[in-house]
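One chain comes next, on its own, written as structure tokens: the form predicted on its own.
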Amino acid sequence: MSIKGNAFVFGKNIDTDQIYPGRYLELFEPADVAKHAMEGVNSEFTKQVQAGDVIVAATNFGCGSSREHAAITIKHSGVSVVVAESFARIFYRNCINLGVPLLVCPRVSEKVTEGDSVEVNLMTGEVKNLTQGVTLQGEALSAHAMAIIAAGGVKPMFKAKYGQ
């Protein structure tokens, strides 16, 4: 599964309040939640992001609270994949469970600049910066994680398998 898009680059320790500020927790419709994606670190993000774009970050992306709103806002903002040098464990699991593709890739924040065209292969872990002609090797997702993402998340996967 290969994904292409333009990069939005963020630094270290981007926490869930920066991804989705806590003051909007009363919102629950995905379209409403998505209007505040990355607002805590880039107030123009939702005006700039296009369907298929890629978030690239340094270490510890998604640290902070365990709320699922952070993964939901990314999923519904148009972002196709998040690539970071490392993720907070709970955020990583929330993303997989909700069907949000993500990939761990060492040194990616050093090799991708805002606006670069990036291609990410979730099955091989390969990350290509098409603008700069650089290829990096990330950690491919497991077959189980890929099945969850392909289904759109854990709930849709179980519904398809067991009904309801």
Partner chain sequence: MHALEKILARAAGVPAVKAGEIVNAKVDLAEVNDLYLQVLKSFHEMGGTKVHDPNKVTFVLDHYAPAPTIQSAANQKAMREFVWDQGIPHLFDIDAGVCHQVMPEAGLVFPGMLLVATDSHTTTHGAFGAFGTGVGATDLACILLTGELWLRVPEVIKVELTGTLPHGVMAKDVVLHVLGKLKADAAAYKAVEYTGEVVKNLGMAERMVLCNMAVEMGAKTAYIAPDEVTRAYLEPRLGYYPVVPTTDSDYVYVAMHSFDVTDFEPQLAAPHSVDNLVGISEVAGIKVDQAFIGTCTGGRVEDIAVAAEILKGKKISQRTRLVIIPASREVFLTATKLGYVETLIEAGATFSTPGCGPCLGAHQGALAPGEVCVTASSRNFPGRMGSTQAEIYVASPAVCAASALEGKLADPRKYLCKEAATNEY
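Residue numbers count along the first chain shown, from 1. Everything numeric in this text was worked out from a predicted model, so none of it was measured.
The form predicted in complex with the partner chain exists for this protein as well; it is not shown, and the discussion that follows is about that form.
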Query raised in the report: Looking at 49-57, 124-132, 111-119, 96-104, which lies within 4.5 angstroms of the partner chain in the predicted bound form, counting heavy atoms?
Result: 96-104
Query raised in the report: Does the partner chain come within 4.5 Å of any heavy atom of Lys159 in the predicted bound form?
Result: yes
Query raised in the report: Within a 4.5 Å heavy atom cut-off, is Val83 in contact with the partner chain in the predicted bound form?
Result: no
Report task. Find out whether any non-hydrogen atom of His36 is located within 4.5 angstroms of the partner chain in the predicted bound form, and reply yes or no. Result -> no
Query raised in the report: Is Gly138 one of the residues lying within 4.5 Å of the partner chain in the predicted bound form, judged by heavy atom distances?
Result: no
Query - Sequence-ordered list of residues in 4-32 near the partner chain in the predicted bound form, where near means a heavy atom within 4.5 Å - result: Asn13, Asp15, Asp17, Gln18, Gly22, Arg23, Leu25, Glu26, Leu27, Phe28, Glu29, Pro30
